[in-house]
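Let's start with one chain on its own, the form predicted on its own, as structure tokens.
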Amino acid sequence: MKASKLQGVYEEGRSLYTQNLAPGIRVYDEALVTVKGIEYREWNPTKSKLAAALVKGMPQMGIKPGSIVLYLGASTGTTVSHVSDIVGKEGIVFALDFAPRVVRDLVFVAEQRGNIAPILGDAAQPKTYAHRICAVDVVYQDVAQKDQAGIFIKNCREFLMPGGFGLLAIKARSVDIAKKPKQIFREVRDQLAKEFTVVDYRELDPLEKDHCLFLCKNR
């Protein structure tokens, strides 16, 4: 096991790992590996768009030990848990989702880790949960709604610190099923470039069909 060029992420062969903040506990069906008394969790790129982007060559992600992260579209916590590993005990992950059943599952993950704050809310209405969140270093969004870029921009305006990073996962079929994914990705890039510096962009095929991930930096 060796440290990768990304803080808090480790490599073994072609596989990515994060150091388990809750040793002995799996969040999904990930493999646990112990090296020199330290337990690591394998980060599956077919179950995490962020891991898929890293495998596809994204050179950085803005998330590091001690970061404060707003995660929109947290679901049951698969990627959230790896972000939790990376930011560690000095960081925090505000993890928001719209579905009550999903947030219930997320609460169990949070109870085992201590640095995740689950929030039931609608990412399209950041004013409704603004009282529960401080300024953040990173906004990560994986929300399969039509106006994905618009929702992301609103949340970054509300919460992202100057110089902070934004990560936006785009599901093309949720934006417009009639358009080709590459056309949608170009349009989203143009929209983001009006607000941010677009640092990197990775299409996630074949790991995630018709998806891409944008890395932006706040001006």
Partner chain sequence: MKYQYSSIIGDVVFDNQFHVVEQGHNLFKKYPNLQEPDEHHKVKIQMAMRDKKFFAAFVKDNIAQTKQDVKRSVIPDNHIVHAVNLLEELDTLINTIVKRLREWYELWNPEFSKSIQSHEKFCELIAIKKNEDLLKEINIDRKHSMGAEISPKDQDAILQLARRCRDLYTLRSSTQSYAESLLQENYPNLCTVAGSAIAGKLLGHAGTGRRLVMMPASTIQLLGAEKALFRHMRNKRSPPPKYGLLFQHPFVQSARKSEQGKHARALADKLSMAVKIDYFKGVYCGDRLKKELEEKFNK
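Positions refer to the first chain, counted from 1. Everything numeric in this text was worked out from a predicted model, so none of it was measured.
Keep in mind that the form predicted in complex with the partner chain is not shown, yet the notes after this line are about it.
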Taking the partner as it appears in the predicted complex, which of 48 to 56, 183 to 191, 31 to 39, 160 to 168 has residues with heavy atoms within 4.5 Å of the partner chain?
160 to 168
By the heavy atom within 4.5 Å rule, which residue out of 149, 116, 123, 86 makes contact with the partner chain in the predicted complex?
116
Non-hydrogen atom within 4.5 angstroms of the partner chain in the predicted complex for each of 92, 111 and 132:
yes
My question is simply whether residue 144 lines the interface with the partner chain in the predicted complex - judged by any non-hydrogen atom within 4.5 Å.
no
Interface membership of residue 172, the partner chain in the predicted complex, 4.5 Å heavy atom rule:
no
I'd like to know whether residue 61 contacts the partner chain in the predicted complex, with contact meaning heavy atoms within 4.5 angstroms.
no
Contact between residue 153 and the partner chain in the predicted complex at 4.5 Å, heavy atoms?
no
